[in-house]
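A single chain, nothing else alongside it, follows as structure tokens in the form predicted on its own.
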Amino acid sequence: MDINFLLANTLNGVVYGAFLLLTSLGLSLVFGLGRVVNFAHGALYALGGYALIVVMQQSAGYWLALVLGPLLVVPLAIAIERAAIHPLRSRPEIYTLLVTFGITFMIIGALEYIWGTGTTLVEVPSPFAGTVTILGNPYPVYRLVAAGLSLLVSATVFAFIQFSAIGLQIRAVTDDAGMAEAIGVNTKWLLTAVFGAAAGLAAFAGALGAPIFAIHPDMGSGILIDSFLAVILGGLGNLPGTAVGALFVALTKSIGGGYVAEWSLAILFVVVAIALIFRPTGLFGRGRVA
């Protein structure tokens, strides 16, 4: 076995896992709080990349665009939630699934109409354009920086959910929405705010990964599938489980893709299928099944 090859694929898996965690957290929060299966999450990830381009075209630097770009996606996501998802919250999950599925094609179609179907490349910010040697292997500095930022933002989300007053409300609604509303929690506002915040996380991941993965209208499709797999493995609505699920999915795809490329995705789906059968509430047994 080539240790260097294994190390490179493991490192790539960890980096991808950091991005995947950002998008998976949003999916898990939205489902855990409002039981919405948001298929538009991948399109919102792509919007983050294009929002980055828009801000950079206004003579803003990459880092400023990285902050402002995702913020442009949040109000759009809130408008989508109020117009298309909020009226359907009392209905079975299949309704919001179908609506968000349709919204995905609307967003992708709009992106193709405005920017075309080609791929847009974003240069790596100059301070981090080089490589660093890790155990004798060169590795792009920006990938490590981006992974670190992803983990920092994810840790901030975990801390916010765990220790803030709003985080307490989110956990209360996730556990028992009816009881939380009975004691005065404004669940309608909270559901909308969390949907917008989840879209912001996805958009931030899309913008942060632009110099690595490039930008194109359908860029969110792959990470959407991986995010759903991570959330299912971790347990719907369970954030610590989602973190473990995201790392598992990323490492399986990266390491498995390096050795058995044609089977890695099949193996991953088999694992998820087994988890659904024998552990439907996730790795820690704390996820929701309904």
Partner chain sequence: MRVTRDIGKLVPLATATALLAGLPFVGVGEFTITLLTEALIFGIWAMSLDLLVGYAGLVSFGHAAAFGLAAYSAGYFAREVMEDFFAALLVAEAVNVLVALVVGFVIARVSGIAFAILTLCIAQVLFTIAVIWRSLTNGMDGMVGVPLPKIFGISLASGTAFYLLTVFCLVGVYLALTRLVDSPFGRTLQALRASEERAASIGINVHLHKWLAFVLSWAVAALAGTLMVFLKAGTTPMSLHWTESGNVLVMAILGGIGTLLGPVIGATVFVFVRDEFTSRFQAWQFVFGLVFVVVVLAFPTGLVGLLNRIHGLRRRTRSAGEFPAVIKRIRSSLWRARL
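Numbering follows the first chain given and starts at 1. As the structure is a computational prediction, the values presented were derived from the model and not from experiment.
Although it is not shown, the form predicted together with the partner chain is what the next lines describe.
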property	result
The partner chain contact in the model of the complex: residue 94, any heavy atom under 4.5 Å	yes
4.5 Å heavy atom contact, residue 112 to the partner chain in the model of the complex	yes
Contact test in the model of the complex: residue 99 vs the partner chain, heavy atoms, 4.5 Å	yes
Residue 232 within 4.5 Å of the partner chain in the model of the complex, heavy atoms	yes
The partner chain: the contacting residue among 83, 71, 179, 159 in the model of the complex [heavy atom, 4.5 Å]	83
Contact residue in the model of the complex, chosen from 54, 60, 67, 225 - any heavy atom within 4.5 Å of the partner chain	225
Answer range among 198 to 206, 85 to 93, 164 to 172, 150 to 158 for contact with the partner chain, defined in the model of the complex as heavy atoms within 4.5 Å	85 to 93
Three-residue site 266, 270 and 280 fully in contact with the partner chain in the model of the complex at 4.5 Å by heavy atom	yes
Within 36 to 57, the residues that have a heavy atom no more than 4.5 Å from the partner chain in the model of the complex	37, 39
